[in-house]
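What follows are structure tokens for two forms of the same protein chain, given separately as structure 1 and structure 2.
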Structure 1
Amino acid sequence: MQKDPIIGIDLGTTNSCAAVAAEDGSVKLIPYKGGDYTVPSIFAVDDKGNELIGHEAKRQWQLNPRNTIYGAKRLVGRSYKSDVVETMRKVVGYAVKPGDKDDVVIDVAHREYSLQEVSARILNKIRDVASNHLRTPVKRAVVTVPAYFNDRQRQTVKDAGKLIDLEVVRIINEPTAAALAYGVGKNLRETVVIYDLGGGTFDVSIIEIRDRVFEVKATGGDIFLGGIDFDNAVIHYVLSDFAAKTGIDLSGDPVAMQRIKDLAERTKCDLSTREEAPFSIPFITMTAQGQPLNIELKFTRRLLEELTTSLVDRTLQIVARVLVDSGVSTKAVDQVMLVGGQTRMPVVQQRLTRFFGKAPSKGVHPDEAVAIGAALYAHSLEDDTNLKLQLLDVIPMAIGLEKAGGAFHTVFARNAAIPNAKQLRATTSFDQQTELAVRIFQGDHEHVAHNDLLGEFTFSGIRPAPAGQVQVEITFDVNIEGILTMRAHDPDTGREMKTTVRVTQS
């Protein structure tokens, strides 16, 4: 074992997992006490003010729903005003509030936590488990994110590492990590589709594997589509059925909602291996006269499939678009790999079999592949390794700037290869102008209002002159992690301009 190991971390919406590679390149998942390999991505504060993370937080969730944070990855890098945050506020038991930078903070036990702080605590738990297991301090990690995370969301994960002195050596995309878990050491020449339907996010990537070169041809996804939405379809059905029978709306009762949420997830999982399952919760509430009321339902696999057809349809629409983007036909696909717990649902596998004309491969473990791939990549970064891997990835959404009238000028197109750099020339628009402000957005819409604002960049130190006489050459640089940096200079004088970056949450 290396003196200072770099571990691989799959920081998931519902569960997180870590792995480490030995010197010979073999990978071991890092066990948590009790033999589990996954740690629930849950953070809570109990009534005594103790912070609980992982299994400890999950155990007290039913009794303390207001002070238990789950699914927080969906809020990372989001504007408080966004539709995503509005939807989350309706379904979670904890209080979601606006922060100072139009971002999101979470109120737990009368204290506000940023998303970086919540992510940092979960990362710290994983790091502590790994340090105890390896009997050596862990200071470095490769952390995975959804391929469809934008620049600001990636930066939030790096910032979370900084809060706990964990160096996030590299951020890589979850489907790419899963492809590494499948393909490293097999001397393959294959085109694979990674269909990654996890707890909170959906990603699909088309990856060409040429031995140790992993080239992403195209990627797409929806970071608001995952197992939580399948659970919510069940919850909505149960609430509607109960209201129709009793006239009582349980959605405002956090403890009742937590009990329904827990059973909804268990029932959904049971129906992957059974055709029907009871849905029974005794004493869920009382009538006005003080009579106890129960929930008594029977769920069938067919009913679950009917409730979630539109969710599976959405994943396949994204798969179809990514195939078009990549120029790869379904016949040219050698393997379809399933990643993420929600891919255990039989109808997902059936629909993919119909779509591609071949059954998905069981070549990777859906819950473990991402952490294993991250650990393999971490190992390949070591100086003395004989396992050098080359990742050729892409950006998931176009990056560009705002033009007059709110139009979006694309600098990097969707699925542009990274790392990548582009130069643009701008000029002053009024006499004696000494500053130039540029607003950068990421998204695929032709109007910036529908894309995510990454930040406002102000270049100062422009030499005063009549309008249009000073050229400013702006260099946009997207690194291998999909993170953007910018610099500018005056090509006539060669003078570098100072850049102020005000990253605003859009």
Structure 2
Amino acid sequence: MQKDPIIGIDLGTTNSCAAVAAEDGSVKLIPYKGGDYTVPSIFAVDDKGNELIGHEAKRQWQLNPRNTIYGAKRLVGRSYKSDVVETMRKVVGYAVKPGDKDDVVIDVAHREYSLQEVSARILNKIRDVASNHLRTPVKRAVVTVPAYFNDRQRQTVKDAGKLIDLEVVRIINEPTAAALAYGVGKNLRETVVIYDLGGGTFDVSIIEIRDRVFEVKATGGDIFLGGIDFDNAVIHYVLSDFAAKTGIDLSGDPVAMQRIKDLAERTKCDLSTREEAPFSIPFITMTAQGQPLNIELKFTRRLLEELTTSLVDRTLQIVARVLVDSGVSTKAVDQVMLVGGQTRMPVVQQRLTRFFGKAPSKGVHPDEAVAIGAALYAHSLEDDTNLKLQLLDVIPMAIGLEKAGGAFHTVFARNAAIPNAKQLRATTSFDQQTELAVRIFQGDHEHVAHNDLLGEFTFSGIRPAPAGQVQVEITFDVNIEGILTMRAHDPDTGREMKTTVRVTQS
């Protein structure tokens, strides 16, 4: 084993997983106690004030829902006012509060945790498992993030690493990592589609593989489309059926709802391998006369498919748009790869087969591919021969600045290749102006109010002069990890200006 290994970490919404490459480039997943390869991405504080992470946290979740944080990845780098945060606040058992940097904090056992801190604890757990397994302290990692993560979300993951002295040497996108797991060492020339339908989100990327070069042509997705919506379709059907038969609406009964939710997900998964499954829950409620009532239904795969057609349609519409963005035709696609648990549903695979005219590849394990790809990339970073892997990625959403009246001025378009740099000139707008503030947003809407604020950059030290006489040349740099930096200088004097960044929504 190498002296100072760089591990690959798949920091997932539900589970996280790590892998490491041996000197010869072969990759192994890092086993957790009992041969399990994943650690639940859950953090909790128990009633004695002990911090619990992973399986220990998951085990006590039902008993301690207020102080058990799960699904935190969905909150990473988000503004408190965003739709995602609003939706999450309604469904999670823990308290999500506004932070002071237009972010969110989570209140656990009377202490506020930032998302950096929560992510840091999960990363630390994975690092500990890896250090024990490898019998050497792990100090460096390649960490994967969803392709749609914006600059702030990526920065949060890097900062989480800093908190625990884990150097996040590189952030790479999950679909790119899955493509690496599929394509490294095979000397391929292929265009692949990575179709990732997980628990809460959907994304798709088109990647061209030319031996060791992995070039993302386009990426897209929907952060509100995933397995949970399939569960909800089942739940909705069960509730309507029960109401039609009994006149009773169960949606306001939290205990009944929890039981229906659990069985809905289980039934959905069962129907991936069976044609029929019973849906029965005894004593779900009582009539006004005190008579116990049961749910007694039979679900077929066909019914599940009917209830969820529109969800599968939506994923295919996004696939079609991303194909257009990338200029790739369905015929030019050599492989369709599946990632994420919900892709186990047979109809998803059938619809993809029809759409592309070929069956999806079984070449990678949907749950393991991402960590393996990250480890392969980590290995390549240490490789100074010409066998190094080359990743050419894109930004998932446009990056730009706010113009007068709140309009969005695009600096980098959606799917612009990274690394990338652009320059823009501004002039002073009033006499003796010494500072220039620019608000930077990421998103695809023409009004900044609908996009995510990345930060407010203030350039100070501008030469005092009459309005319009001084120019400020601003350079925008998006690095290979999709992280933005900005600087400015005076093109007449060459003087660099001081840049400060603030992330607050004013």
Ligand code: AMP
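No experiment lies behind these values; they were computed from the predicted model shown. Structure 1 provides the reference sequence; residues are numbered from 1 along it. Take the two forms, superpose them, and find the largest set of C-alpha atoms that agree within 1.5 Å; that set is the rigid core.
**OP:** When you get a sec, tell me if the form predicted on its own is 1 or 2.
**Re:** Structure 1 is the one predicted on its own.
Subject >> Core-aligned C-alpha movement of L115 between the two structures, 2 Å or more >> reply: Where the cores coincide, L115 shows only a C-alpha shift between the two structures that is less than 2 Å.
Original post:
So, does Y94 move by 2 Å or more at the CA between the two structures, with the core held fixed?
Top reply: Y94 C-alpha, core-superposed: shift of less than 2 Å.
Subject >> Core-aligned C-alpha movement of K298 between the two structures reaching 2 Å >> reply: True for K298: a C-alpha shift of 2 Å or more.
Original post:
In Å, how large is the CA movement of M286 between the two structures relative to the superposed rigid core?
Top reply: That residue's C-alpha sits 9.7 Å away in the other form.
Original post:
Once the rigid core is matched, what's the CA displacement of I223 between the two structures in angstrom?
Top reply: Shift of I223 at C-alpha, rigid core superposed: 3.1 Å.
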